[in-house]
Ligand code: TRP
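This document starts with one chain, in the form predicted on its own, laid out as structure tokens.
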């Protein structure tokens, strides 16, 4: 069995395009900070990308490479963390099948995040069978690596709760763990799977630029990407609307503009000063606040731009693929061990496969 003295983390992203500031404050920032303290596995859910873009395999492939570039630019270190490509981990697909037997149809279709996605994406009754199945697949994504924590944004909490339910049911049914067992003690009581906990980012929901009614999203065209140029950042920040007409008009220091201020201007004293002047209408215009905000965001992104540029050079994609291959080798060792333990508990241990 693989051993480590560090508690384990698993989280990841579906390759639907480059990462934006909502991803940063929701999860990626936390991932970067936890690399030394935890045994980190970061998963590229490229199989899940086919649920809505099955007819665009080349786009999914390129987006997969772009997200790895974003991760490396943000500070994910492949020497300290394991980058996992979902489609290269066969144990995930097999575990998805087993968990699909443990979760009811209502468990899946009643998942609030799934219901919201069906509504916002206008899928109604047009979605494929694979679309709701991906929520079960997320349970396998996570539990294949037996993590203790899953850093996610607030909107992903229902997925983690369904994962916790699958882990409890498996351990109770196949490992004879009592249903009265505390979540933290399931492995100690003989279970295969720990009951993972969601670890939320410091900003639960970052609104998109504009009126702030929707969360930041590539598909809604309201995102500031980690790879945006300084000029693009300023241009997008300028799109934020507050309805305020004059720098001497008292403003609402909880509006969308100041949600960004609190997220990205890290000097607490300066934030307090800006909020106070804004609320009093002390000759502080939205334009001034936006300029200072854009400067803070660009200061955050500039080191990322520099690191990303190294992989934009000739041969950069080949280097990314090499990093993915190295991560897959380690990830398969862990996931195959998990699958062996699970199949042994299910009385399916008629042999143990090895992967080339």
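Predicted model only: the values in this text are computed from it and were never measured. Residue numbers count along the first chain shown, from 1.
Quick note: we don't show the form predicted in complex with this ligand, though the next part is all about it.
**in the model of the complex, residue 43 touching this ligand (heavy atom, 4.5 Å)** = Yes.
**Item:** Partner contact for residue 186 in the model of the complex: this ligand, 4.5 angstroms, heavy atom
**Value:** Output for residue 186 is no: heavy atoms all beyond 4.5 Å of this ligand.
**Asked** Taking 4.5 angstroms as the cut-off for heavy atoms, does residue 335 touch this ligand in the model of the complex?
**Response** So residue 335 does not count as contacting this ligand.
**Asked** Taking the shortest heavy atom distance, is residue 240 within 4.5 Å of this ligand in the model of the complex?
**Response** No - in the model of the complex, heavy atoms of residue 240 and this ligand never come within 4.5 Å of each other.
**Message:** Within 4.5 Å, heavy atoms only, one stretch in 327 to 335, 56 to 64, 43 to 51, 310 to 318 touches this ligand in the model of the complex. Which?
**Reply:** Selected stretch: 43 to 51.
**this ligand: the contacting residue among 74, 150, 261, 233 in the model of the complex [heavy atom, 4.5 Å]** = Contact with this ligand in the model of the complex is made by 150 alone.
**Message:** Give me the residue from 174, 134, 225, 99 that has a heavy atom within 4.5 Å of this ligand in the model of the complex.
**Reply:** Result of the distance check: 134.
**Prompt:** If we check this ligand in the model of the complex, which of the residues in 300 to 339 reach within 4.5 angstroms of it by a non-hydrogen atom?
**Reply:** Going through 300 to 339 in order - heavy atoms within 4.5 Å of this ligand in the model of the complex - there are no hits.
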